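Only one chain is included here, represented as structure tokens and corresponding to the form predicted alone.
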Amino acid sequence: MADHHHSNHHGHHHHGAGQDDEAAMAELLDLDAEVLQSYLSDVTAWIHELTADLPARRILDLGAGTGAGALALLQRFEGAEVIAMDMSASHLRHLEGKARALGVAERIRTVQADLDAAWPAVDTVELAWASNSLHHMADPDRVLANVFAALRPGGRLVAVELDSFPRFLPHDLGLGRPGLEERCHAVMDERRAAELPHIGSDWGARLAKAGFTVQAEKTFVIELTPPLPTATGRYAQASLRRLRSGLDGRLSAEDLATLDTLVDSDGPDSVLRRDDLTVRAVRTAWVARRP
């Protein structure tokens, strides 16, 4: 699902992240996959239906992270193999461990690579998957050209991008800071726009420019309400902690203190103990065919 930015926890292309940061990111990516399992099932079912004319035997996962997409695709495409590319060696090791635990290690090959640099040689594939990674690339058009070259004629690229980062909190928290979560994201949206110039790109147009034929586009609106997956509280805590790390000096002291209260594991108002959480996010997926 590339992380050049403190608040973006859904991509998997890492530059210079410390060990502690990578461990925290790995936990967050695993929680994302666990809580959003129904979304992963929906998107992979949609892809499977659209690619029935050229069954995927080899799949290239671009920015594989800890393997949410790779493992979901293996489950959907029986008999397929995945080449999982990511810059983070620790995330790839984590992915390998998960694959062993699930009994699919022989179906995954990990490749450590910087997607913005020259790619190592990979086998031609029928399907490529880029989840929340393209907007992190220094030159996404070059990356798309590389994907085009890696696909068999008739093969597909599935590009998924975030329309909105996950929200968890009600507008009125009962802590005297209504609208806190939206204020946090508004501040971070300004920072993302400055640091990630390709976020919000017209990906359909970029895919067409790279030579692809855009076969389909679909928006997935994620709205989870109680009863929620067991890991939701931990997912909210990890997400808000990552958001909090980029907000010093950007929000009022009162907002920051309230956010600290929410992510505190031991406090009575921690997101781990709240019964009013929801999970709200929007992601758009494009299926593009190499002619």
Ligand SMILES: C[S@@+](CC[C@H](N)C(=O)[O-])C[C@H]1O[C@@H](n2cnc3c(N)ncnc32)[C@H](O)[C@@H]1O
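Quantities reported herein were computed from a predicted structural model and do not represent experimental measurements. Residue numbers run from 1 along the displayed sequence.
Only in words, not in the display: the form predicted together with the ligand, which the text now covers.
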Drop the ligand in from its pose in the predicted bound form via a C-alpha superposition round the site, and with the 3-atom, 2.4 Å backbone or C-beta test the pocket comes out blocked
The stretch from 111 to 119, 73 to 81, 216 to 224, 176 to 184 that lies within 4.5 Å of the ligand in the predicted bound form, judged by heavy atoms, is 111 to 119
**Asked** Is Ala64 a contact residue for the ligand in the predicted bound form, using a 4.5 Å heavy atom cut-off?
**Response** yes
Is Ile47 close enough to the ligand in the predicted bound form to count, meaning some heavy atom within 4.5 Å? no
Met87: touches the ligand in the predicted bound form, heavy atom cutoff 4.5 angstroms
yes
Residue-level contact is defined here as any heavy atom of the residue lying within 4.5 Å of the ligand in the predicted bound form; does Leu36 satisfy this criterion?
no
Interface check vs the ligand in the predicted bound form: of Val125, Val158, Met137, Leu169, the one with a heavy atom inside 4.5 Å is Met137
Answer key: of Leu29, Val43, Leu262, Ala56, within 4.5 Å of the ligand in the predicted bound form (heavy atoms) is Leu29
Near the ligand in the predicted bound form, with a heavy atom at 4.5 Å or closer, the residues from 123 to 138 are Ser131, Asn132, Ser133, His136, Met137
